[in-house]
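First, one chain by itself in structure tokens, the form predicted alone.
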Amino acid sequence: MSAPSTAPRKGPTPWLATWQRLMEGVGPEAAPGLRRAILGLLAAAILQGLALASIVPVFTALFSRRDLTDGLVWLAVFTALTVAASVLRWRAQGFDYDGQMSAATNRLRLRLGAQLRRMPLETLQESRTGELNSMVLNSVDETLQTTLTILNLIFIAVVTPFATGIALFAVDWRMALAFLAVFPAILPLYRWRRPAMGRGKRILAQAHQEANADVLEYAQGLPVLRAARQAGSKAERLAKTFEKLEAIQAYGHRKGEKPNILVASVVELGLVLVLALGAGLVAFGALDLAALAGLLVIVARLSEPLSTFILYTAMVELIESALDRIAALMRIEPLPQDDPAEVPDRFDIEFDAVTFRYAQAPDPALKGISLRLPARSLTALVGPSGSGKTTLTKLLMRQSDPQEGAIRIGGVDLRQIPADRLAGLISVVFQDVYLFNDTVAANIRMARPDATEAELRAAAEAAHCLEFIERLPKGWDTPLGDIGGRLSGGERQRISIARALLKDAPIVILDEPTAALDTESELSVQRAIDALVRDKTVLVIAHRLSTVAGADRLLVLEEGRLTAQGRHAELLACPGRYRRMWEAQMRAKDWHLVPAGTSAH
């Protein structure tokens, strides 16, 4: 399974497929209204074409002065058709003005958000945050917000002149044929240009997504970059991203310059030839000069829309590119839900011959792991970096499914437990805490939105948060900033534990939550953890072995395999990885800095 691809597709999207994707994008609630709006714009373009065609008999009647009544009748027809076209267009664009398109845009974003929640996290993590941000925001806007505007311009550029040409048969069939002959010249040019436009818009969209991701990464990492004196070098990298974007845009303009001039020239030349034919007919007495004057007005009115038709269709390619990216994201299947659905009533955990390989990885991260964690026990995972500890916890949270074997809680396969129910069974305290730019209360309450004020306060008190919460400028209502930047590492960790306490899940995963803390913060966090893990099934990833020496059982992982298990004393009694790690950490405790010019003793 791979992340949604936005690489340029081969060949243009069929118009029918684009239409279907557009209707899927706005959803069943808005699709009928959008169809009516598009049909309204189409009808308005036809009426506008008929109105333009009526200019010829208006001029003929009024300039000949033979029958002013006839001229006034045609003028009334012209006025009525123009007003009707304006009313239809206004009503059609009411889909935008009345907020229906904004509502459809919001629903599409919500569907994309729901899809992100359903996606396997392994797949989601293959995409950069900025790229997903660009897809959910920019791609949606490109798809929906400009659709009616672009279609209106295309209808005016194509449908209106075509309707005018058909109506001119009532005036002079030769002029009508000459006028309509411009269209067969445009179509081959459009078919010639469309593949290149499609590729260009998709390449440009990909460059925009990459630029979005680079900007977000730079902004989020700026404190670290400044501390490492790398802000300038990273800015150079960002500048290169912008230079690449500029180069793609400039290349697209250069490649499109001559074809666009050619298209405009063909259209203009075709319309000039229509006027030349009309002038010839006047010269031979086969056409009234007034009719030629009316034709001149029509050509002047339609020459610019016809000449820029190809440019308008380039915007359609932009919409198609956005639809492709949205469709790619929506095609990603969630992890399968096996039947019958079941929720465990006990909370022992079993890994049964589990083998797992990450996508694109050459070797499995876990190889035939079999183990059982009794309910209400404390089990520690130890081993060198890359041994598979974090992977084991990710599979327990069902961020991915193993390729072989099964994982069970209370005898129930994870694949049978509904995703929302499984999430309710497990609390996680990560080493790197992520807090949202919201209030203290909201960050804790997200674990259980229906919690009372008393329950919220009790969880914060058990996690030893009250002291620092009361010192904050607005107390519980203090916004914590991006990623909880207002708090220290220990304070963020305790907020995370308060969140887990409020959730009160029967299974707790701890990813070495005290590893990066100072001694005072570690003691506070450790007391909070003691409250959290009481009467729970606990799985802890440990790097400092001294913190888990009292665990019920320690599991030693090496290169994705379970190589040893037992209590601390049992593992120390046997030669192997655990004893070597313990001895190395004990030696590290005695290590100290020696001032220059002195000798160590």
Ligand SMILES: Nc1ncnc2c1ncn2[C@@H]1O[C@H](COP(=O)(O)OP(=O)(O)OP(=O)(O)O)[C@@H](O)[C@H]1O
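In this text, all values refer to a predicted model and were calculated from it rather than measured experimentally. So that there is no doubt, residue numbering starts at 1 and follows the sequence shown.
Only in words, not in the display: the form predicted together with this ligand, which the text now covers.
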property: Stretch in contact in the model of the complex with this ligand, which is absent here, among 384-392, 487-495, 274-282, 419-427 (heavy atoms within 4.5 Å); result: 384-392
property: Full three-residue contact with this ligand in the model of the complex, heavy atom 4.5 Å, for 358, 361 and 543; result: yes
property: Non-hydrogen atom contact residue 365 with this ligand in the model of the complex at 4.5 angstroms; result: yes
